[in-house]
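First, one chain by itself: the form predicted alone, in structure tokens.
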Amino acid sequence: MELQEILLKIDELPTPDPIVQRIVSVASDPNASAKDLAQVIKLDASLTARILRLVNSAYYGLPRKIVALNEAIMILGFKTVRNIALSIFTYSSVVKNKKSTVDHYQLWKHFIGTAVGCELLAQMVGYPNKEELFISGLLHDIGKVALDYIFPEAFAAVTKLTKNLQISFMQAEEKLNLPNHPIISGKMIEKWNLPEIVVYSASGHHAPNNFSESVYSDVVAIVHIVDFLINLMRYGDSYTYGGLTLSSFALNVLGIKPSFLTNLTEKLRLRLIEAEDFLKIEQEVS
């Protein structure tokens, strides 16, 4: 199976619906107002309810209940609200794939764990654009979903090999001569017209040293480190059972020492508890 064969079939995959696409567009427009964004979101009552439920979740820790969408946008910011909308779409794409025999809920859990961890690590190292790190973590493995949609037999063969040989998903892809999922992830994200930073972090999260000359080397390093930790913690299931190593290059890019990693892991465990509402994203406000 060639990469080009998979890329040609990407059009068969779910893409953000027009409302989510419009949300991304308005949230990226420096001239847009909170009212502009709220008007787009309100076109979908179900989406509005889910966004408000997540805004009021423990993860965001707001001091009082927010009932107005405009207020939520003003308090959390355009990009955070965009991230919530994209999370809702991604949940539908990942968990509701009825064709798959794989437990995609566990894959979704891995996505959310990485998203939360990337936002946390961005805060801890002083990275200024933590909202982009959340979405980078959320979508870093979306290429696995693509492979399962397009070639479920190939995906099943990869997961069987990872379990039998206790290796990583990417190592199994290589043994089966399949294109690797980071490249597919990057191509999908590019097709969705998301920021370049998200494309690069997905494409490079297993080989951050290949992006040493990139302006996004620190972002790729963040996603790599958090993906490693989330796999190590067995939070969710990325269908990787061994073979992962933590890149010294990624640690050096961010100036991270072992004591920092210990502190990060402890804080991450707490943030994952706060983020539990993201795991039940299909629920609406009663």
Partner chain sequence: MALQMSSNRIHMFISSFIRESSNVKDPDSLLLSLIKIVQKFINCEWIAILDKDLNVRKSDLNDIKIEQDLLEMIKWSMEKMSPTSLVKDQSTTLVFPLMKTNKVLGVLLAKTEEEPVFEVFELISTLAFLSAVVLENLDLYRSLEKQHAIVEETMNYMRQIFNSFPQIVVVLNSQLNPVFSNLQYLEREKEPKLVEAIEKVARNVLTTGSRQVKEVESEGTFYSLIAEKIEYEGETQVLLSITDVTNTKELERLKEIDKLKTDFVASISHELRTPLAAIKAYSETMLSSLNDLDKDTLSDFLQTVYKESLHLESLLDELLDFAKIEQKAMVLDKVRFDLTELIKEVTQSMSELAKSKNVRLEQDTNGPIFIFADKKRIRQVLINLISNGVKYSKENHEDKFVKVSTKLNGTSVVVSVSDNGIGIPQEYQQKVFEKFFRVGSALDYRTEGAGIGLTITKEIIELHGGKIWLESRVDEGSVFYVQLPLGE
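All of these numbers come straight from a predicted model, not from anything done at the bench. Residue numbers count along the first chain shown, from 1.
The form predicted together with its partner chain exists for this protein as well; it is not shown, and the discussion that follows is about that form.
Asker: So its partner chain isn't shown here. In the predicted bound form, which residue out of Leu246, Ala34, Met233, Ala49 has a non-hydrogen atom within 4.5 Å of it?
Answerer: After the contact test, the surviving option is Ala34.
Asker: Considering non-hydrogen atoms and a 4.5 Å limit, which listed residue (Leu165, Met74, Ala157, Ala207) is close to its partner chain in the predicted bound form?
Answerer: So the residue touching its partner chain in the predicted bound form, by this definition, is Met74.
Asker: Does every residue of Pro18, Phe151 and Lys191 put a non-hydrogen atom within 4.5 angstroms of its partner chain in the predicted bound form?
Answerer: So, no: the whole triplet misses its partner chain.
Asker: Pick from 238-246, 57-65, 39-47, 218-226: which stretch has non-hydrogen atoms within 4.5 Å of its partner chain in the predicted bound form?
Answerer: Within 4.5 Å of the partner lies stretch 57-65.
Asker: Counting only non-hydrogen atoms and a 4.5 angstroms cut-off, does Ala27 reach its partner chain in the predicted bound form?
Answerer: Yes - in the predicted bound form, heavy atoms of Ala27 and its partner chain come within 4.5 Å of each other.
Asker: Check Met124 for me: does it contact its partner chain in the predicted bound form (non-hydrogen atoms, 4.5 angstroms)?
Answerer: Flag for Met124 set to yes.
Asker: Applying a 4.5 Å heavy atom distance criterion, does Lys187 contact its partner chain in the predicted bound form?
Answerer: Because no heavy atom of Lys187 falls inside 4.5 Å of its partner chain in the predicted bound form, the answer is no.
Asker: Please tell me whether any heavy atom belonging to Arg271 falls inside 4.5 Å of a heavy atom of its partner chain, as the geometry stands in the predicted bound form.
Answerer: Yes, Arg271 sits close enough to its partner chain in the predicted bound form that at least one of its heavy atoms falls within 4.5 Å.
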